[in-house]
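Heads up, the chain below is alone and in the form predicted on its own; it's given as structure tokens.
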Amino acid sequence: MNFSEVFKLSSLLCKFSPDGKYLASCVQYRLVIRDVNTLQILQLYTCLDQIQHIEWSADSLFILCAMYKRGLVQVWSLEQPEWHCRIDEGSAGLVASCWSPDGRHILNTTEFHLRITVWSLCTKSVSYIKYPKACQQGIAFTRDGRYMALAERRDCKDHVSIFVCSDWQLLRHFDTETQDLAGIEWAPNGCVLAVWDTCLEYKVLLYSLDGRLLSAYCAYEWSLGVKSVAWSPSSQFLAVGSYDGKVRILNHVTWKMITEFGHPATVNNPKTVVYKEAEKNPQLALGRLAFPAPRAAASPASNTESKYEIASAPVSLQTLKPIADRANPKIGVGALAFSPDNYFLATRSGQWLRPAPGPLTLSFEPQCSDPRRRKPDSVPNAVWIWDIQKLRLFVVLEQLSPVRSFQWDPQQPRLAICTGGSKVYLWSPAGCLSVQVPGEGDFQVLSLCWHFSGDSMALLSKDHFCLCFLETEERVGTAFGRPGDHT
């Protein structure tokens, strides 16, 4: 494993182009385009204000930079660096901006979600879509780019409109049986649209392309409901993460639940492999005594080396008691991701939050049997990996710090994890490892993103980023030096 040098970054804005040739990063109001293989700067663009969002077009020929505070979007061309486009929403303001699948239209959402403006880069025409709903995921495109589903709110009622992306004509419009629609998501095959309700009402609805209700699912009532939703790559399964700390798997034939995965504080099954991250104890030289380093000279805990140890069942995991009297409780399954081969599902029970002073406490209090009153514990340090073929828990990885994010390799079942420290963690069915990110100072990995080939990934900190290369010597570019420089 090799690492590039460290580059400056702002607001965690760093993205690979869809074709894998370029890497875009932002430093305040500057947009930097680099060659992925050499990391040499190809283009340097200057925007009118600090960039808050970037997005590549599907063909990697254009990139947009959104400046929400100014209500501006600037578009740059990779083929014609002298060409650029500026979109000013004026007094209407701007809260979101994205590309259409053809890479030639930009959809801007105005403040208060009054409308969506569709700007054409080819004809310079402008069209408007009314009544977009303010929710966490209100726009969804099919993977083939033919259709767009839009969540709407009209006359105090939720609706979904389906548009044809080639000419933005309305194909279907139907109301949904939701109290307060929270999100929509197409199945990868584009045949089924999943719609879920607010967390106060447990409801998942499945609609066909022509607006027919295929099924409605409700796991329980009178308690916080759906927190996260994820489709499997094959479209055969829909995973629903709930606030009760369980993941329920729906099948694509009957749309009924085939199994549910819990996240208990103790793993009792001896067939489940539990990896625990542990700090390495450096070996002392014979005849020498170790004295504690002065406080000023002591290195931060995130710089200490660590390794994984296999724990024997039963294994107790570190848990946090949720604070019941505050809004947005840090409970429930907040992260779901299927592996690209459809074999595994990775989950995290409990949301990342700034840890309180002192270690996490183990909870041994008995759980209430009534799901309406039960407050599940948060397990923020663990990543759970489930075998989808056998529908059982396969592996648990418990970190020393709360898990910030994880992401699957796009090409194989290999999971990358970061916890906000100076290490990155990798798991595959062959095993797992902890890797220290080299460099001066404390490089805290807050987020990461894979290259589509799976042979490299970008590691992002608050003010910097670097690339991590995971392939053989023949594939190492000039930016990464010789293999063996950093391991």
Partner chain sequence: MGEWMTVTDPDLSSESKNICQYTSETKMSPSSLYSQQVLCSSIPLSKNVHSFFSAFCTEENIEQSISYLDQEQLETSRREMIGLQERDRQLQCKNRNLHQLLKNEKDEVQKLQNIIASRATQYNHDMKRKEREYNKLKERLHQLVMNKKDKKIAMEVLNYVGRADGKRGSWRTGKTEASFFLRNEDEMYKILLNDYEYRQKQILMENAELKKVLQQMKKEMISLLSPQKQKPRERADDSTGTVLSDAEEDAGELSRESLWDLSCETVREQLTNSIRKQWRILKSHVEKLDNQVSKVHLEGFNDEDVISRQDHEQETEKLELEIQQCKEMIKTQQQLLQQQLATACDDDTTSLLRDCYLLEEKERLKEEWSLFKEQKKNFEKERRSFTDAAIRLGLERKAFEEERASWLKQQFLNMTTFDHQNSENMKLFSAFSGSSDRDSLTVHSRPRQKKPHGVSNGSPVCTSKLTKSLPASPSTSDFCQTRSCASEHSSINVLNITPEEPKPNPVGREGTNQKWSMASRPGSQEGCYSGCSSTYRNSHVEKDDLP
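Numbering follows the first chain given and starts at 1. Just so it is clear, the structure is predicted and the values come from calculations on it, not from any experiment.
From this point on, the text means the form predicted together with its partner chain, which you will not see here.
Student: Is there a non-hydrogen atom of Y425 within 4.5 angstroms of a non-hydrogen atom of its partner chain in the predicted bound form?
Tutor: The answer is no: Y425 has no heavy atom within 4.5 Å of its partner chain.
Student: I'd like to know if E89 sits close to its partner chain in the predicted bound form, meaning any non-hydrogen atom pair within 4.5 angstroms.
Tutor: Output for E89 is yes: heavy atoms within 4.5 Å of its partner chain.
Student: Quick check on F344: any heavy atom within 4.5 Å of its partner chain in the predicted bound form?
Tutor: Judged by the heavy-atom cut-off of 4.5 Å, F344 is well away from its partner chain in the predicted bound form.
Student: May I ask you to check whether K124 falls inside a 4.5 Å heavy atom distance of its partner chain in the predicted bound form?
Tutor: K124: yes, in contact with its partner chain in the predicted bound form.
Student: Let me know the one among Q137, T304, Q412, S208 whose heavy atoms come within 4.5 Å of its partner chain in the predicted bound form, would you?
Tutor: Of the listed residues, the single hit is S208.
Student: Select from the listed residues A278, A216, C98, L114 the one whose heavy atoms reach within 4.5 Å of its partner chain in the predicted bound form.
Tutor: Of A278, A216, C98, L114, the residue with a heavy atom within 4.5 Å of its partner chain in the predicted bound form is L114.
Student: Since the chain is shown here on its own, which stretch among 334-342, 400-408, 309-317, 115-123 would lie within 4.5 Å of its partner chain in the predicted bound form, judged by heavy atoms?
Tutor: Selected stretch: 115-123.
Student: For a quick check, can you give me the residues of 71-88 that have a heavy atom within 4.5 Å of its partner chain in the predicted bound form?
Tutor: Contacting residues: E82, W83, H84, C85, R86, I87, D88.
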